[in-house]
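Here you get one chain, nothing else, as structure tokens; it is the form predicted alone.
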Amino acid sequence: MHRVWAEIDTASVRHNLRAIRARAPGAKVMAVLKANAYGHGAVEMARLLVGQGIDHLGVGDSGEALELRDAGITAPILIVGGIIPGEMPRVVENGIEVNLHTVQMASELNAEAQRQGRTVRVHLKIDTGMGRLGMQPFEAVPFLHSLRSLRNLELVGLCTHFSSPYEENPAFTQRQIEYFNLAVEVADRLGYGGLSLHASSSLAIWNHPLAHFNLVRTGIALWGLLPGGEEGWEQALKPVLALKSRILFLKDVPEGTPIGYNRTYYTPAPMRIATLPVGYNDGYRTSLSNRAQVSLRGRRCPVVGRVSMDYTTIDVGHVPDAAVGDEVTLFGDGISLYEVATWAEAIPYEVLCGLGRRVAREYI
């Protein structure tokens, strides 16, 4: 029996993958498992998705890639972020694909691959408007010429990243697509054929079909979510994760009782307070204090007082049969993650990625 746990519906993951494939017919799918698969458990989700015939896995850094390799995952893995020289030996040794961002990075990676007598599969990232990682489009032309001299690198992909595919005005994203198409054309003219071309994130899969190319990247949509709760997606996707705890302690208190640190809440009348063994160390944020609601026996109960490291207090006076040990849902089962993110002044990504080490994962 757990004090706090994430209940993960594997059938919903499979459903969401089918929906993504249906939305981008003809394109392969890369499942992005950054940040412990957005809190869902990277190794477990990788195994599930490989069993569903996923084409590619994406991770944020070398540590995440090596975790999957160490767990026996043999599927193609791309580090969608950057790597530094000290990470290169194990990346090369384990056959992990790398996104290239600079000429220096390519040269250092080639030298390490040469030292090991291996060839590294690489993707070239084009910065079309995100302004973070990747080469400017004009830099890609001389780089593609010089790449031929780096004999231990094999260019297998070309990619970019959209900064704002959720905007109502699609002009900026369309411009990014145009810039990326120019880079694709240059690569093709230089004889780089058969490349994996990928630009679409989860939202772009639905909103920008011209950006599907032959490979789409999906992270948050696999877990049944999108930024802003896009209208229409709710019918296509199913939420995967519910965060739950249980009542640890019940107490009847008189009117005027202060609850929690800094006395941010005083009971306005005699009240029954339940203490839950979940707090900000588990990812249930302090910003939810005196704002959020949870579900107990099918009824909503307000969070009262400040959420602390280990505990959260709720008002259960209107649930007369509440008892120690009762299961409480913090989100899922009627408490939307979008609601929780709004109460926390965050985005759903942050809430999921913030789930702590003490949160047990149960796969159903």
Ligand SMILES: Cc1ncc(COP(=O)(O)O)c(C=O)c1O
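From 1 onward, residues are counted along the sequence shown. If you're wondering where the values come from, they're calculated on a predicted model, not measured in any experiment.
Not on display, but discussed next: the form predicted together with the named molecule.
Student: Tell me whether R132, S202 and R217, taken together, all sit within 4.5 Å of the named molecule in the model of the complex, counting heavy atoms only.
Tutor: Heavy-atom distance to the named molecule in the model of the complex: all three under 4.5 Å.
Student: Among V80, V240, L276, A292, which has any heavy atom within 4.5 Å of the named molecule in the model of the complex?
Tutor: Of the listed residues, the single hit is V80.
Student: Just one of L296, A46, A27, V32 has a heavy atom within 4.5 angstroms of the named molecule in the model of the complex, so which one?
Tutor: Selected option: V32.
Student: Based on heavy atom distances of 4.5 Å or less, which listed stretch (312-320, 34-42, 47-55, 332-340) is in contact with the named molecule in the model of the complex?
Tutor: Of the stretches listed, the one contacting the partner is 34-42.
Student: Can any non-hydrogen atom of K244 be found within 4.5 angstroms of the named molecule in the model of the complex?
Tutor: K244 lies outside the contact set for the named molecule.
Student: For the stretch 329-349, return the residues whose heavy atoms include at least one within 4.5 Å of the named molecule in the model of the complex, in the order they occur.
Tutor: If the 4.5 Å heavy-atom criterion is applied to the named molecule in the model of the complex, 329-349 yields only Y349.
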